[in-house]
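Next comes just one chain, in structure tokens: the form predicted alone.
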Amino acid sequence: MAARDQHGSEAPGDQGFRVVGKENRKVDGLAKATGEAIYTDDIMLPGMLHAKMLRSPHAHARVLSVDTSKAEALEGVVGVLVGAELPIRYGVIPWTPDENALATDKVRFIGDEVAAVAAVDEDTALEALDLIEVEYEILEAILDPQKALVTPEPAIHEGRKRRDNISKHVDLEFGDVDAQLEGADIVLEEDYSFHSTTHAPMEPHCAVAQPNSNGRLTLWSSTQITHYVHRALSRVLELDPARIRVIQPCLGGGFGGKSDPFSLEFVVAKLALKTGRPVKMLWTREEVFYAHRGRHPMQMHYRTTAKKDGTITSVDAKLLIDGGSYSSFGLVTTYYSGQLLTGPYNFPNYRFDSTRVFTNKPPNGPKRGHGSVQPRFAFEVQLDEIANRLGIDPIEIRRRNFIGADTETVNGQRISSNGFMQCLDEVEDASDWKARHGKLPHGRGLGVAGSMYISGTNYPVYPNKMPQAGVQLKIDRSGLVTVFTGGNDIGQGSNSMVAYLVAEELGLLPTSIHVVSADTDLCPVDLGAYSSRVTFMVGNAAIDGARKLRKQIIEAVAKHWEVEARDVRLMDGTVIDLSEAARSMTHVEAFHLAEELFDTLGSTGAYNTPELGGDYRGGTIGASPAYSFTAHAAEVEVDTETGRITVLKVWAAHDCGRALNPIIVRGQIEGSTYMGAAEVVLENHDLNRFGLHSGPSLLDYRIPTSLDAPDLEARIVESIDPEGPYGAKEAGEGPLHSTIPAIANAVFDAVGIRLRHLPFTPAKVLKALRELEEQN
């Protein structure tokens, strides 16, 4: 059956795909491999100044005065900036603008930005920072989220309606959870915790601003959200948005860590306007650690009831979320921590009480699998323990609770396609589960876990009824098709995806497609690379625009040949007549005919989600036009002498709808799984008792090298979603979720200990082994 888009139109032809589903090269692959690609720090402009940031040495303090006179007098310093010059607050969520580009009243974590200097070179700028004198009134720093929950004073953010340190509280119940306690065959209640981890992209944050003689400002930034940076700059600088242009060059990794507006973007823009010269700021790796926006630490209490056959009857969750010093995406995080747990299993009754608090730490935000990785860990470990107590195979208990396809979750999320059962089958077979689970030598074990994740969200960050993704297509007489998309390619290959889809629709080779992206002057609005939205939303918009052009081309050729439109086929850069095999023309000739008939050739395409979500406050948050599904099986080895856990192999089966390019999909599955495995045994964004990061460098922050990475086997399951572009769904974030609990469950199979508090350090393993020995 042909895939349909949101307009109900079919994919071209019935002879199979020529581009989609093939292992095509990324459109920017060679440029990146050869060093030809331009990243933000590669930009060098005449007369460019270099800016550096002065940061707070205190976790919590009032800023009483900032004296920059000595810095301004230093030779080579051209501009100095303090918070009073950028007083307007911002935030990616419009209801929680609580950040200033530079501190105006208080600093709220060690590393908070206080002042900035633009000079002829970085060394001079750094020297000038040492000359800035700041007077602080040191305040009590709140570093423990439990203390923040009950301590209203000192308030980390003053002047809010709430007179406490609670950032957001959500309490939602579906069904009657308490009623399930009476008569339940099993009640399992445990505490779990997830630590803070950060993104560690290869490219640090960088921004370059340039004013021109016409009063316009151009900003190049290593951002995932060009559109939101554009909006925030207009607000903070009090400039007409028509006078601002934001461009995202090639990006060296984001993973969610570049999906906020950041202080350096406002600072270089203001310094450029103030000095009349281009200004660049490149953060050091240490500064990237301070900026953070990584995984929220969560303390999670879960109570699950079930029948003897393993059928879940209720899930009750209470979560405390450490938000760090600012809101970031925190409002959404608080909802996501509960809203995104209700698949792939059926929850007849469900309640979650989720509270995010402010602490004097670097701000937490969205990291790959935003908000839902932590609860997934807790629940999947608890589900595994229920299976063990009931004597049910862990894969079987997941099958028994499968929610199904074309259904709705208890909290009102519409599920269309669902390949979770096939994912379970894949990892069961690949890992030889039946023959090996529970039967490996002591110290070796297998574990399994499942998950569900969104493919975009129908919740735009600011409310509006305009398209969430748009594209423009332009046909040149040379035969080149240029596609303009506001989508942000952050390394996941979204520009390539656009090229594949347009090539498929117009019967061209991908080499005939040129993609221009993430430039607010040239491209239609797209909301950015977050919530795994790009393939689904930009992909549908690209198909929509391409089909409008295809209709015109076919009509022009059919008129020229005097045949029916259904007899004209576009494929591989050639146009053929199905009614006369000997007749054909090149796509260039066809474009000329269409231009003669319709004038200059171009089209637009757009996508907006249908109305989704439950009819209650927050019901649209987490509601997605489609959901991906994943199952992982992990094999581990536990050294009982040292406590070291070695992840030997992970089998990851992921339902991505249709794989538009299987090699890219497999790469995303492997990358997600690698990142999840790292969070279990290595990564920890750790602070000392004063709020200072214990190791803000890639020497101290442990991420796996090639010697540490497990063997990864990615398996693609294609459920073909009815609304996805050619049936596609996400593949970039979903595969991370079940990696972590699968490893935790494998540790139990290996040595009989339940590890509920991440990260799994050797000390925790040895302690659990001692406790197990004492019990026995």
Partner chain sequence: MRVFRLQVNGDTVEVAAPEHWTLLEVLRYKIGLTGSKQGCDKGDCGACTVLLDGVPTLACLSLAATVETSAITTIEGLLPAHRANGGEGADPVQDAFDRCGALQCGFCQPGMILSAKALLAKNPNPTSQEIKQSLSGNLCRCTGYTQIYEAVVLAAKGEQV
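Residue numbers count along the first chain shown, from 1. Just so it is clear, the structure is predicted and the values come from calculations on it, not from any experiment.
One more form of this protein exists, namely the form predicted together with its partner chain; it is left out here, but the text below deals with it.
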The one option of Tyr345, Phe484, Tyr674, Tyr350 with any heavy atom within 4.5 Å of its partner chain in the predicted complex is Tyr674
Its partner chain in the predicted complex has a heavy atom of only one listed residue within 4.5 Å, and of Glu133, Asp123, Asp185, Asp429 that residue is Asp123
Would Lys559 count as touching its partner chain in the predicted complex under a 4.5 Å heavy atom rule?
-> no
- Is Ser69 one of the residues lying within 4.5 Å of its partner chain in the predicted complex, judged by heavy atom distances? no
Subject >> Exercise: Pro510 in contact with its partner chain in the predicted complex, heavy atom 4.5 Å >> reply: no
Exercise for the section: Using a 4.5 Å heavy atom cut-off, state whether Gly35 contacts its partner chain in the predicted complex. Expected result: yes
Given 60-68, 747-755, 722-730, 40-48, the stretch touching its partner chain in the predicted complex at heavy atoms within 4.5 Å is 40-48
In sequence order, the residues of 696-725 that place a heavy atom within 4.5 Å of its partner chain in the predicted complex are Ser697, Leu698, Leu699, Tyr701, Ile703, Pro704, Thr705, Ser706, Leu707, Ala709, Asp711, Leu712
